[in-house]
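Before any questions on how it binds or moves, here is one chain, the form predicted alone, in C-alpha cells.
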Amino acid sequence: MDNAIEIKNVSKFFGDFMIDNLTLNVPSGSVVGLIGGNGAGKTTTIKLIMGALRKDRGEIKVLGVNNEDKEFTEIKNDIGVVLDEAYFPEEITPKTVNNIMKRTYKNWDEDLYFGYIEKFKLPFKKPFKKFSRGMKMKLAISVALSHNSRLLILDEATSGLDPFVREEILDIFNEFTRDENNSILISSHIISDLEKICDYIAFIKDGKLIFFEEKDRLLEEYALIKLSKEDFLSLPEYAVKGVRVSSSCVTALVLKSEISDIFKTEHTTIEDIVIFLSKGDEEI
C-alpha cells in the first residue's frame, strides 16, 4: 500500500463555503502536516476522511479501503483520532476510559494506555469535567496511541499544551512513524511544530489546496530577501511569491532559482512561506 490516505477530486458544498476538488495523499510511513487559517477547511477535510461528513463527490480511501464501504468500520480499529476538542462524558475518569476502550477496540493495550496516563501525569480518578484543555488533549492522545493504530489523524492535537509537553508529544509521534507501516496526518496552527516532524506539508486556503510538497523541498525552493523599494523593482515578477512592505524596505518571498546570485537571500521557514503566500502582494 503506497498511501495511508488517498483523497481524489473530493468536493463538499456548504451554503457559503466548499471543499473544492481536493486531491491529497498521505504516503505510508510519512507525517503530513495540514496547514491553513481558521475556516480554511482543515477540520472539514478530517471529518470527510473519517466519514463524519459525507462528501458530495470524489473518492476517499483510508488504509486501502473506501471510507463509504462497510469494511471501513473495521478499519477504524487501526486509526487513532484526536480532534480539536476531546469529547468524553463529563463524569468519566481516565480509569473508566480504559474500561470503555478495551470493549471498543479489539487491539486495546491497557498497559500502554496506563503508561501514557502516568507519563502525562493525568490523575486516574479525576472527572473529565475538571480537566484543563491541555489535560483533555493528553487523555485523547493517550487513547489514540493505545490500540496499535497504523494511522493517526490529529486535528490541533498539541493545542493548549505548554512547549515542554508539546516537545514530548512530538517525540512520541516521531517514534510512532519509525515503523514504516505507520503514518500521521496532523493539522495545527503551531506551524513550528509541524516543521519539526513533517515530511510533507499541505496548505489549504478557502477550501482549495494551494500546495502539497515535501517539507525539505519547500525550504530549498523558497527564500526571503530584503531590498530597498528601488532594488525590489529589478526582481523578475515571476520570482516573487509574496511581499511585505515597511517604511525602510521590502521583504519578499522568492523562488531562489529564479533570482540572480547578486541578491543576498535569507533562510525562510514553513511559517514564512505560508504567511507570504496567504498575504500575496502588498502595494509598493
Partner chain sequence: MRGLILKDSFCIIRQLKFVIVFILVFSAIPNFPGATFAVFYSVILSFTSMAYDEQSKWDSFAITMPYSVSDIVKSKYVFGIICICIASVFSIIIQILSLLYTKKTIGIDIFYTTGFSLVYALIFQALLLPMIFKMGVAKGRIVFLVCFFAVMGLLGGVSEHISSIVKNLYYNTFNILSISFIVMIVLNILSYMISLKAYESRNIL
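Positions refer to the first chain, counted from 1. Just so it is clear, the structure is predicted and the values come from calculations on it, not from any experiment.
The following text describes the form predicted together with the partner chain, which does not appear among the structures shown.
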Ok, 190, 210, 112, 81: which has a heavy atom sitting within 4.5 Å of the partner chain in the model of the complex? 81
Looking at 180, 175, 167, 91, which has any heavy atom no more than 4.5 Å from the partner chain in the model of the complex? 91
With the distance limit set at 4.5 angstroms and only heavy atoms considered, check whether 76, 99 and 105 all reach the partner chain in the model of the complex. yes
So which stretch, 231-239, 53-61, 249-257, 25-33, is the one near the partner chain in the model of the complex (non-hydrogen atoms, 4.5 Å)? 53-61
Since only the chain is shown here, I'm wondering whether residue 133 would be in contact with the partner chain in the model of the complex (any heavy atom pair within 4.5 Å). no
Using heavy atoms and a 4.5 Å limit, would one call residue 47 a contact residue for the partner chain in the model of the complex? yes
Does residue 129 reach the partner chain in the model of the complex, with heavy atoms at most 4.5 Å apart? yes
Is residue 87 part of the interface with the partner chain in the model of the complex - any heavy atom within 4.5 Å? yes
If you look in the model of the complex, which residues in 6-36 sit within 4.5 Å of the partner chain (heavy atoms)? 12
